[in-house]
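A single chain comes next, written as structure tokens; it is the form predicted on its own.
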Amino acid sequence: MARILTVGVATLDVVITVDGFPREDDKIRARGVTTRRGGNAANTAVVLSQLGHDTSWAGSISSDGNGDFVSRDLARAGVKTGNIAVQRDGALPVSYILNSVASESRTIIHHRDLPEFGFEDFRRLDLRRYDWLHFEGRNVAETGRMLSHYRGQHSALPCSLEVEKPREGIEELFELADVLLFSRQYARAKGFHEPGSMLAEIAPRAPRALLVCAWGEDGAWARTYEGEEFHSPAYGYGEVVDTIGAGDVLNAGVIHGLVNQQSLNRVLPFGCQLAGVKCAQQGLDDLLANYHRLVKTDKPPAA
């Protein structure tokens, strides 16, 4: 079991499942509506907790009922919330998610007016309590200050950085992380149509880092700092019912394997399997139990 801190966002997700995406000015009926806690770093923390780690989340929440809902939900999932910054001004970020059954994809409308978790919040944390840090690649200037501070004080502590979107200046952070976790969205925004060429181009900017890129139904790729390349196919377990958070789940699976010093030949397939199980269920509850049931093994990489 490792002590892992994730730093980033928690949201309130309103998930509206529809047969297919509506056209402009359409009026359609939803199959169902659910409200749940979301956010990349928070999702990754929840999965790491299920995988047996002592997991904490650091981020901002509002002081209203939605903030209380997030705190309770994380605590229910076994995630420690002693590092949260409660904001008196603003409301909890809300993501309105259209989940299409026909296309097996989702469209997200996000609203936020809550102050981000910043460097001054991060500087108060005792990083000696952790074995791994994971940062969500957002709020780039402040995240850069966090990474630089942590590198100056705890350089031996490994960390990962999720790079989901092409935010201005985020490439300047690459050299500060040990593991970079890229999305297909980022790669395509940068003009790449397959992950291998992107990872090769990025490698000189992150000479010490392991690079990982998820590519949806085509699986995931990795490139070590020595230039060795790895690939895992995607795994499907029946009907795709909910892809929301699949990337966060894959990231958690990769971190889990690396913390336990597994080889990439084992780490990538496990992350892809776990993401495949997630796509076959709603939400994140009972993910590990469903992994055992669907993958038919009681031996994922040990925590």
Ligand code: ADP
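Remember, predicted model here, so these are calculated numbers, not experimental data. Numbering starts at 1 and runs along the sequence shown.
Not pictured, yet referred to below: the form predicted in complex with this ligand.
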Quick one: R106, A220 and G247 and this ligand in the predicted complex, is every residue within 4.5 Å by at least one heavy atom?
yes
State the residue from T34, N260, S63, T243 whose non-hydrogen atoms include one within 4.5 Å of this ligand in the predicted complex.
T243
A42, L48, C272, V70: which sits within 4.5 Å of this ligand in the predicted complex by any heavy atom?
C272
Options 81-89, 201-209, 165-173, 229-237; stretch whose heavy atom lies within 4.5 Å of this ligand in the predicted complex:
229-237
In the predicted complex, does P158 have a heavy atom within 4.5 Å of this ligand?
no
Looking at the partner-bound form in the predicted complex, is C279 within 4.5 Å of this ligand by any heavy atom?
yes
How about R184: is it within 4.5 Å of this ligand in the predicted complex, going by heavy atoms?
yes
So in the predicted complex, is this ligand close enough to L74 to count as touching (4.5 Å, heavy atoms)?
no
